[in-house]
Structures are given as structure tokens and as C-alpha cells.
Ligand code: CP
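Shown here is one chain on its own, the form predicted alone, set out as C-alpha cells.
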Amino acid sequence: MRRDFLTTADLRSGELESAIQAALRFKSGADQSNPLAAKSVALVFFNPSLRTRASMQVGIYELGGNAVVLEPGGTSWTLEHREGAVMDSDKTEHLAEFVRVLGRYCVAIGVRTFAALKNWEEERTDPILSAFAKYSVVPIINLESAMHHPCQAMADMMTIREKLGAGRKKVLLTWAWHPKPLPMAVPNSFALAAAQMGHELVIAQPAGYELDDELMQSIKEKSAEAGGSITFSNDVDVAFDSVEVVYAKSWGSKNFYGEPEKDIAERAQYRDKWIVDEVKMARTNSGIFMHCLPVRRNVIVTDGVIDSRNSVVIDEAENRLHVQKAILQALIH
């Protein structure tokens, strides 16, 4: 594995498979190693978290290590990431010092920083995560950024493998209505990882809610390399036909980035149609239901679906722990 883990694109197909197999060994109890014995890992949270924070802290502990949790502007100083910035406003410390100091204490740094949903052209470059990677001498682990959530995507791929076995699956990534625009990191990373695994990926979204063009080109290339396929649909009903996996997630439109009121007005027409319900799930091939959580019940998905036997959202959340242990093990020798 490369020095940093910023996106699953950093991993070759063999490394993806190795990480999933390592995670399965951790989950089964077959691997009891402690690669983090007497070592510390910094976890930097610019945004709230339940699964990411808890699973990383537990995973580091179970690998024998110590988690140092920092919240810029809360439990640590406010941070500036821009080069050449004149720091005469509300930012107290620059990442150049912050990151290098942590590198003297810790063997890796995990970073969680959401999209601000203000400037698409800037945010799609992941400026804060990129600054961490630039200044750090220890591995950086992306715990969700503006563009990617690779740990979640790895847990998703592990869950599909665990529930449906090895081999190509027909997988649906479907947009869902939400009262406000959300970041694209989860759908970006799910689509990328599914393509890398060679799945038959269907992406369903209303017109105008397409994912990033440049990223989609990379996803298509990864899919072709892995022997998979990608199709697109604006029909939320037909998209469910015969799929084995349904992955629901809402995201904002690039067309209204930084203009939430316009996005909210545009998406209003999709409220009653773009929801995962029992009728749509009945069109699948006994499909499993997946979501990264947290999820708004009876908005993204009905109670009947998320509480059904085909819902694997809790297993999916658990698998964050095992996948992240595998990632830490691979990064830290």
C-alpha cells in the first residue's frame, strides 16, 4: 500500500482484495496481531462523527495503539491550510506546523473534513486533505473529505463480499431525496470502489445530479480495467430491476453548488419518487439494502426496507472497524 490512503484509487486491484481479506481475518478473530503496540495515531476531526470516530478509536486500541483525538477550533487551535496566507483573522495555527508536530508524536494521522458546499472547483481538489498530505512525514488516512470517503467504500465492498460472495455483482447506486444538498464523497467513493471491484454498476439520479465529470472518467477506466460495466439511469423504478445491491445516498448538484436554496427548490419535485421503498426493492433480485448512515428514515428509505432482513446497514457499519484495522496494518510496519 502507498504511504497515504486518500482514495481507493491509491490501491491496485490486488491491494483492494488483500485489504478485504485482511479485514475478514480481523473480523473472524484469525488475526490477533498488534502492529500499533506502543504507538499513537492522531485523529483530526473538523466535522462531527459517530461511526468513523468510534471505529477508528476502537480499532487503534485493538491493534495495541493509542488514539489522539483532536478537533480544530475545539480541543485544538483553529487551522489555516492556504499557502501564503496572512493569518490576521480567526485562524491560529498553520497546517505546516500542526501536521509536522503531530508527525513527531504519532505514526499516522487520520483526517475528516467535509465539503463546505460553497466553491465546487476549489473543493473538488480536496485542499485541506491535500495540505495534510503535503506537510506530513507520516501516513495520512482520509476519514472523509470533500471528494472521497475511502474507508466507507472499503467497508461497503467488504459487506458485499461477505453477504453475496466473490465475483461480479449487479449493484445500484441510487440518489435519494433529502431536504438539503449533501456532499458527494460517499457516492464518489462507492462508485469508484465498485468499479475497481469489477461490479456491474448502475448509477441512478435525476437529470442535473450527475457526479463529477473527471472522476466519472476515472471510474469508467477502472471499471474497464476490472472487467465491469457502468450504466446510467434517470428512471428510479427501472434502475432497480434485477440488481443484487441497492446503495442509497443523496448528494447535491454541481449546477447549484454554493446556492443551496436553488438546489432545495430543484429537488423538491423528487421528494415522493426518489425514496427506497418496498415496491422498488421488490423489483430487485432479492437485493440487499445499504447506506453509510446516518440515514433519515422515511426520507431516504422507508422503515419497512431499513428494518427488513435484506437491510445490512448495521453489518456495514461494523465492517468500518475491520477494514480500518486492515488499512492501519498495511500502512504502519
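The first residue of the shown sequence is 1; numbering continues from there. Everything numeric in this text was worked out from a predicted model, so none of it was measured.
Keep in mind that the form predicted together with this ligand is not shown, yet the notes after this line are about it.
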Does Arg51 reach this ligand in the predicted complex if we count a contact as any heavy atom within 4.5 Å? yes
In the predicted complex, does Val279 have a heavy atom within 4.5 Å of this ligand? no
Can you check whether His148 is within 4.5 Å of this ligand in the predicted complex, heavy atom basis? no
Close approach of Val58 to this ligand in the predicted complex, 4.5 Å, heavy atom: no
Only hit among Gln152, Thr113, Thr174, Gln196 for heavy atom within 4.5 Å of this ligand in the predicted complex is Gln152
In the predicted complex, the one of Val299, Val69, Leu293, Ala265 near this ligand [non-hydrogen atom within 4.5 angstroms]: Leu293
Among 265 to 273, 25 to 33, 43 to 51, 302 to 310, mark the stretch whose residues have heavy atoms within 4.5 Å of this ligand in the predicted complex. 43 to 51
Sequence-ordered residues of 302 to 332 touching this ligand in the predicted complex, heavy atom within 4.5 Å: Arg320
